[in-house]
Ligand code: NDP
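There is one chain below, alone, in structure tokens, taken in the form predicted alone.
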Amino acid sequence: MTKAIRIYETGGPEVLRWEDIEVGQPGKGQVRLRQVACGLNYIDVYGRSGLYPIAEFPAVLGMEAVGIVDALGEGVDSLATGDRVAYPMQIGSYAESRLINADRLIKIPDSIDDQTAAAMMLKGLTAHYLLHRTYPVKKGDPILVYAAAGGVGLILCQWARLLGATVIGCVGSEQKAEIAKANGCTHTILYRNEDIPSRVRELTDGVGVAVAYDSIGKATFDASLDSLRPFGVLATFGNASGKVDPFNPAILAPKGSLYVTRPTLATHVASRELLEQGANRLIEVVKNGSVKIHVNQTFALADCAEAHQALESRSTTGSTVLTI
């Protein structure tokens, strides 16, 4: 018997329950993982609230973690018991122990500590696909990053600066602006006080940005479009303010023959090849110190509801880890 956070219905943080579950033995191609820490992400909130559908209840939430392999299923020869591994985009991470397919796991070097490993996979691989695949950032590109002091945002800003971009970060407070500037942002915009497109035009000599990486969704969609240069790309990859309303694609033409995409990490780690490619690049920039994973809040997994409240109130910065 082990413990996990489960939900029996969607709703607010109060639906999260800390209770006993049975894990059992790994099946063919699986391992049993004794987890050490897991990451907190907005996708967890989307599942808990019902914005993203849950297949069946009760459900264990959570999409990334780090742990130790403690049992192998039939046919698993890529891992050994005792291996330290991490993973993204596999629902069920809010647990002390779990079963998981071996081909979804990435070995973590000793130089990367548990909290970093727990926080970096989903958010870091999101930054990877946005910067290297959705719109491959080039030296000199002006880019707009929303929630620049958040978990994905801080990684995006550092990595984009490493690639030579001029990073404009959108933040909610002066404190968050300072954090963003210390992590790759050349300029910041206080979205509560400033008009985003006007400020972007001012900072780019009237041209606009090459790409807007927008994790906010509904509330910022129009501002993102109006911040782009001709042929610019809007990557709307999150729904912190709700889903984007349906829109007429014809509006993209007069705004500059713009491109809009709604990517998801699930596609970018769907094959082992894609997962390894992204993970190898991420591990390299974290190992060499080019990108730092800032774990600015920790909560015990049993206190998951409190962590969700903190995330939704926008009182957090950087990454949050749930310790086990």
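All of these numbers come straight from a predicted model, not from anything done at the bench. When you see a residue number, it is the position in the sequence shown, counting from 1.
Although it is not shown, the form predicted together with the ligand is what the next lines describe.
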Task: Segment that reaches the ligand in the predicted complex - one of 99 to 107, 160 to 168, 143 to 151, 246 to 254, heavy atoms within 4.5 Å - done: 143 to 151
Open item on the list: When the ligand is placed as it is in the predicted complex, are T126, R262 and E312 each within 4.5 Å of it, taking any non-hydrogen atom of the residue?
Closed with: yes
- [ ] Let me know the one among N183, N239, Q90, T116 whose heavy atoms come within 4.5 Å of the ligand in the predicted complex, would you?
- [x] N239
TODO: Could you tell me which one of L225, I179, A95, I216 places a heavy atom within 4.5 Å of the ligand in the predicted complex?
DONE: I216
Task: is_contact(T316, the ligand) in the predicted complex, heavy atom dist at most 4.5 Å - done: yes
- [ ] State yes or no: in the predicted complex, is some non-hydrogen atom of A212 no more than 4.5 angstroms from a non-hydrogen atom of the ligand?
- [x] no
Open item on the list: in the predicted complex, does N41 come within 4.5 Å of the ligand, counting heavy atoms only?
Closed with: yes
Task: Interface membership of F299, the ligand in the predicted complex, 4.5 Å heavy atom rule - done: no
